[in-house]
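Let's start with one chain on its own, the form predicted on its own, as structure tokens.
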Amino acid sequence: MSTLIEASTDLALRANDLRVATTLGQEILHGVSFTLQRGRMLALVGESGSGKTTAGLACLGYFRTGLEHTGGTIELSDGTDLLALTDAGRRGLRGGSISYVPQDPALSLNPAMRIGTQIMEVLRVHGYGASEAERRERLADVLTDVGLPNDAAYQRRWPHELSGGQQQRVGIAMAFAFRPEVMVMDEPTTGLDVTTQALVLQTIHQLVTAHNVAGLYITHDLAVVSEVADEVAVMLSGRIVEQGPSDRVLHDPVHSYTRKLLNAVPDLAGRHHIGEVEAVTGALPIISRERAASARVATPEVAGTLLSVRDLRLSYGKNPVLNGIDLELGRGESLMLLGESGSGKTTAARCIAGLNGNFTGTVSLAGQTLAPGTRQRSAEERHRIQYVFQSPLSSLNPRRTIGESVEVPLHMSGSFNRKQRRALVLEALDQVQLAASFIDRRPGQLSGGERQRAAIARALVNAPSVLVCDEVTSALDVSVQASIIDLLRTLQVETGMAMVFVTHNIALARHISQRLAVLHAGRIVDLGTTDAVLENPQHSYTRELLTHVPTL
């Protein structure tokens, strides 16, 4: 940072030459230094394993199991070295002078306590106010600060009665309740739809600026950084490789790694193409130049309808989730199902795959009406529609090798001997660009992106006609997300399979889909080619989504 900032009287926290190592002696952070200023936000950016969360937690004097502080200081505004305090001294600061907002609000909210009670507990523990009445007044104020109702009825709600965005704002209210000097936020909008994300980002920005809080925002999403941060520090392998004002870092990066991260950020306009391959034209899949002339996928009108969904309806008790969904998917086509949490997109996808058989209406494949549930469908019908879950651990058994997990669908078919199964597993791994050596590894030995590739290989091993991908990139770093998107586009071209891509991330639309269906409250409110929906949305909900997409 500049000398001017270093000398500022608004300094709230300074990390100086911070070093962290494993208990076995392997250094994880190699002399990390940064400062946090009151009323300003520093974004700590990097991929998984870069050390950003380790550095952020060090600001609370916390180190995960197996890690230890080996050098450097964390100085507060009064000159106190946080890391030199006793454990009791550090605990006294957490939630008071320094607060923390985790990625998953479930980590900060007790499901067995009402939200008002949880915030009051923070105030009591840290001795806020001289009376219960003052604490009640502060409780109401902090709910207002984060844009939530502050009446008694709302305070008596349970966490499960709130949406994901409301839960996250309650988590922020808990972190802000004692009016901290420093707030550390660890990926607080990952997994939220763009509308909810925009509300949470606005809440964070208002708290930091209006109440003169120093903010540390940990993220891998550079588009979000542009919305919320004054300064950016880019981390790679435990070091800060670039640091400066956000405008300069985002628009005139110096380090090659920063440029790599920026190139991996999906843009709604589709002006640049994430991944390692390039766009051919318009709404066609993105493939290499060498294959561009011969590998273009036919449009549904030419190739014919493969999957047809008619009047799909489903309710949980008296609550309708799907209100009459009509869809068609052409051979070799990619259709994005887009919507915020609770829109019904995942429910619709699971109905298509037969994972939720409680619906009415019809799902047809190649003109043949399918039974609602997978158990009633034939083995061939099950093979032709495969599902990739958001978390690869949902489809990979941690106790099995990757080869054994990928082989399971072949075992179930009973059509191949052991030698044939191994050959097909190796072919599926090769399709997802995993070397043959991965066949004997276990999920815990793989990175997040490698696990997702293995999960895709498991879905591909029976050569499906339709691949349903449910939020498969939502928890991935932007560069890993780019590689998965690139892989899926390439597979679509090479195999001719159709794809249903379920997501809340509208910025991916032009990078993965030829057609786009927007779901809201269990109904499709916009449907058409990706370009047509994005350039001329017919529904106010779609227009609202487009206005909230974070961009660089």
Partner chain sequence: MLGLILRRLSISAVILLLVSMLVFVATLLLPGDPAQAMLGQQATPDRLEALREQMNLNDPFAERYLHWLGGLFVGDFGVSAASGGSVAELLGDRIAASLVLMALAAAISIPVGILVGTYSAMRRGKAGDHAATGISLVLAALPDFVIGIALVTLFSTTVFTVLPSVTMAPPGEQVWDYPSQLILPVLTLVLVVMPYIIRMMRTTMIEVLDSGYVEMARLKGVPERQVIWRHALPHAIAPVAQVVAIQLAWLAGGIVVVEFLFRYPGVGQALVDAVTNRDVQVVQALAMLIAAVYVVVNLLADIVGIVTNPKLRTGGTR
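Quick caveat, the model's predicted, so the values are computed rather than measured. Positions refer to the first chain, counted from 1.
Form predicted together with its partner chain: not shown, discussed below.
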Fill in the blank from the handout: Which of 202 to 210, 331 to 339, 224 to 232, 96 to 104 lies within 4.5 Å of its partner chain in the predicted bound form, heavy atoms considered? The stretch 96 to 104
Practice task
Give a yes/no on whether N417 approaches its partner chain to within 4.5 Å in the predicted bound form, heavy atoms considered.
Solution key: no
Practice task
Examine L527 and determine whether its closest non-hydrogen atom to its partner chain in the predicted bound form is within 4.5 angstroms.
Solution key: no
Practice task
Answer yes if any heavy atom of Q118 is within 4.5 Å of a heavy atom of its partner chain in the predicted bound form; otherwise answer no.
Solution key: yes
Problem - Exercise: N110 in contact with its partner chain in the predicted bound form, heavy atom 4.5 Å - result: yes
Exercise for the section: Please state whether all three residues R14, R38 and L67 have a non-hydrogen atom within 4.5 angstroms of its partner chain in the predicted bound form. Expected result: no
Handout entry: Interface residue in the predicted bound form among R239, R91, R313, R138, criterion: non-hydrogen atom within 4.5 angstroms of its partner chain
Key = R91
Practice task
Heavy atom within 4.5 Å of its partner chain in the predicted bound form: which of L307, V425, V122, V142 fits that? Just give me the one.
Solution key: V122
Handout entry: in the predicted bound form: members of 157 to 178 within 4.5 Å of its partner chain, any heavy atom
Key = W158, H160, E161, M174
